[in-house]
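Form predicted on its own, single chain, as structure tokens, below.
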Amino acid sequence: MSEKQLLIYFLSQFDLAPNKVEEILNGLNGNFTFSALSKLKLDKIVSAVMAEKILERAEERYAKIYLENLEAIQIKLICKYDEDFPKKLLAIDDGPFFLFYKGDISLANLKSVAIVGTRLPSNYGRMITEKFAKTLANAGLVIISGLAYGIDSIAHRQALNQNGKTIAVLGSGLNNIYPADHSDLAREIAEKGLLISEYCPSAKATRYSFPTRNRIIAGLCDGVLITEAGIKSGTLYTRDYALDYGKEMFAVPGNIDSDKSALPNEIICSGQGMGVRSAEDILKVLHVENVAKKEKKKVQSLTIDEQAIYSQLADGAKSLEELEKNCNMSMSDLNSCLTMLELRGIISRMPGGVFCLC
């Protein structure tokens, strides 16, 4: 590794804003050495406290120790000048300068959809998110989200369940997973997909890091799908970034009396994005092969009793009692069919004993 690369990577540990990193490098006037950095008037670029912190460690040996420590905890680091840095992030003016990651960084260059929304989804929001994420992942799209409770984790989990690919963009460091409850999910994403953050590994999440994180989610994707979110939701930031970046915007219409559907309904009514009724609507816009034929073939393989259940759920989620009444089946036969349909990934069991199509 050249001294220039070492110097640039050295700066990643201080969580500097991308423009501050650029300003420091420009101030070196092509002399990318630690001795030149020590002579730079850093306190004119960053705070005096930060300048002191950088200068007290501005030696090649400290930089090497830092990178060795990253390697020891299996965290990789790239900057915007590296060949494998995500091309989509280079296309936005306020993109990150550094990325810390675990997993397959090449996923960041594939066609993808960000699925975002409320941390407290309704049964409808949960059902819709699972349904869209499943179909989009099966179609080969990478599912991007932020590892948060609710819509984010549902989207990640469904992609993994389909053996699809997913990217989680964190608002904290990779060694400080937030929320901590999702540490196991983060570990699985790192093994099977991609876990990334612009913050150094030990960084804690803050109220400011999540809105900033959302620009990376919007920058990485080809389109944003909002399934359920309030009008004052943090999802607003992702929407705004996506519109600024010229990304496709998709929203699932919901109950006009539900606060959780306020943002998607607003996006549709204001013309900011496209209202979508199924994942196939998104696949058409993104020019991805439609998987409806495969789904139709699967439905045609159902037994008569299974077809009766499928027809009922095609009109919307139903409780066990509703299915028993409408399908004219014994409870034992009904439970047997529901179990088989669930195992085959055709239906999902929602909280409260409600069933819906996947």
Partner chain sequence: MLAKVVSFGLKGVDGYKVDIETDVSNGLPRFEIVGLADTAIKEAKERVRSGIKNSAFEYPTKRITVNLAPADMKKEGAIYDLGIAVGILSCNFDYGIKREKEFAYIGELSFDGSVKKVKGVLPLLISARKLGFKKFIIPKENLIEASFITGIEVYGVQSLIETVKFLTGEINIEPVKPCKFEEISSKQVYSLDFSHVKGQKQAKRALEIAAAGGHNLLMIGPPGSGKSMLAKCFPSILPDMTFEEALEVTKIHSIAGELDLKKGIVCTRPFRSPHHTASTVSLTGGGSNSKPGEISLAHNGVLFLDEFPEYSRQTIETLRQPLEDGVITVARSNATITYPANFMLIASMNPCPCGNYGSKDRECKCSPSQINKYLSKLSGPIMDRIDIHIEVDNVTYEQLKSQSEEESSAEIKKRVDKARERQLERFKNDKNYSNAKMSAVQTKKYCKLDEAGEELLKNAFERLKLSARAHDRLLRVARTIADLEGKESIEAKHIAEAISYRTLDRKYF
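Residue numbers count along the first chain shown, from 1. Since this is a predicted model, take the numbers as computed values, not measurements. Rigid core here is just the name for the largest C-alpha set that superposes within 1.5 Å across the two forms.
What comes next is about the form predicted together with the partner chain, which does not appear here.
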Looking at 61 to 69, 328 to 336, 306 to 314, 43 to 51, which stretch has residues with any non-hydrogen atom within 4.5 Å of the partner chain in the predicted bound form?
328 to 336
Consider the chain as shown here, without its partner, and state which of Lys260, Arg213, Lys165, Arg239 has a heavy atom within 4.5 Å of the partner chain in the predicted bound form.
Lys260
Verify the contact flag for Leu28: yes if a non-hydrogen atom of it lies within 4.5 Å of a non-hydrogen atom of the partner chain in the predicted bound form, no if not.
no
Is Lys88 close to the partner chain in the predicted bound form, meaning a heavy atom pair under 4.5 Å apart or at it?
no
Would Glu342 count as a contact of the partner chain in the predicted bound form, using a 4.5 angstroms cut-off between non-hydrogen atoms?
yes
Contact label in the predicted bound form: Asp93 to the partner chain, heavy atom within 4.5 Å:
no
Can you tell me which residues in 149 to 167 come within 4.5 angstroms of the partner chain in the predicted bound form, by heavy atoms?
Tyr149, Ser153, Arg157, Asn161
When you overlay the rigid core, is the Cα of Pro18 off by 2 Å or more between this form and the one not shown?
no
With both forms fitted on the core, give yes or no for whether the Cα of Ile45 moves by 2 angstroms or more between this form and the one not shown.
no
